[in-house]
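Okay, here we've got a single chain as structure tokens, the form predicted on its own, with questions on binding and movement later.
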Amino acid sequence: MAILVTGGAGYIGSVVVEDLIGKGEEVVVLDNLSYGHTQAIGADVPFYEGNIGDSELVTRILNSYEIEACMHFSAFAFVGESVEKPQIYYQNNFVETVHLLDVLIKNNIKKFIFSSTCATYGEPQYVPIDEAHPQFPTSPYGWSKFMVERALIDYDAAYNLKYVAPRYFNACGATERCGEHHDPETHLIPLVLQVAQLKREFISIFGDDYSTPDGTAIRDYIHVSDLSQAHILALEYLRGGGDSQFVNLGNGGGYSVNEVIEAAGKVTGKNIASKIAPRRAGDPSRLIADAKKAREVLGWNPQIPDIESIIESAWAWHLTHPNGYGS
């Protein structure tokens, strides 16, 4: 039995592929390489380049392998871009996912793990955020993920599709093999490390007047390997007959922008220059997960919760991949 991993050449998907292979699972990757990198997956992993909405291609894959379940990571994930280009976000993230679900259902594949996001909650009404928190996204990106969540509920009711949909907070860090390489890069930790690598002069801090101890925004950072393990536990949970679930993935704590910059300076031994910039619209002061449900339902326990260890792993990868996957 094999696992179809869509978006398996991307940041999180490639780490999940790496861990699945390490556990002796058979894996097939489908990725259109709009943001993925073939160098991120092993040469011995079957790879298909194409879109998840290409029903003929997905059917051909399903006919070529005995697929047991699908892990779905294929999504555009730039919030700002989603505001400027909502059409491509609704098309890729929602419409094409529905096409994928239809082919899976037609071929009697009823286990689905969906890469969701805390962006479905919108502005937090309280922290830490649990799964019962109201959902009202503030961007087309968040809405596109929310719409897939709604479709999953209906597909379960109508077709008995069982799913686990982890809602990520801030994914970060790297394994020895797989790391974060986006173009453009928008995530704080790789941007800070670019300053350490002398690829940029400074890191912008968007607002220093939040109601937090140091005035900068606080986020819940979770190592990509801990995310990966949650997906593998979700697969085992569904294999055991578990019911469909939405679960938050985060460490349940948080670090401010200033704390991340300070930790990066310690790890790299470099001076990380920064400049204060105006707040970005819609940026809340705190985003922290209540991940109790993931622990109780999946038996998940993050192994790399501290920010310095997370940054150390990312820094090690960037040192060995100074140009990302282009090196």
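Numbering starts at 1 and runs along the sequence shown. Bear in mind the structure is a predicted one, so any value in this text is a computation, not a measurement.
Another form exists, predicted together with ligand UDP; not displayed. Remarks below refer to it.
Comment: ligand UDP is not present in this chain, but in the predicted complex one of His187, His99, Lys85, His133 has a heavy atom within 4.5 Å of it, namely His187. Between ligand UDP and the residues Ile205, Val127, Leu233, Ile109, the one pair within 4.5 Å by heavy atoms in the predicted complex involves Ile205.
Comment: 276-284 is the region of 276-284, 289-297, 36-44, 53-61 lying near ligand UDP in the predicted complex, near meaning a non-hydrogen atom within 4.5 Å. Within 4.5 Å of ligand UDP in the predicted complex, a heavy atom is found for none of Thr6, Phe73 and Leu104.
Residue contact with ligand UDP in the predicted complex: Ile153 places no heavy atom within 4.5 Å of it. Interface membership of Met147, defined by any non-hydrogen atom within 4.5 Å of ligand UDP in the predicted complex, is ruled out. Contact check for Ala196: every heavy atom lies farther than 4.5 Å from ligand UDP in the predicted complex. In the predicted complex, at least one heavy atom of Asn170 sits within 4.5 Å of a heavy atom of ligand UDP. In the predicted complex, Ala217, Arg219, Tyr221 are the residues of 208-244 with at least one heavy atom within 4.5 Å of ligand UDP, listed from first to last.
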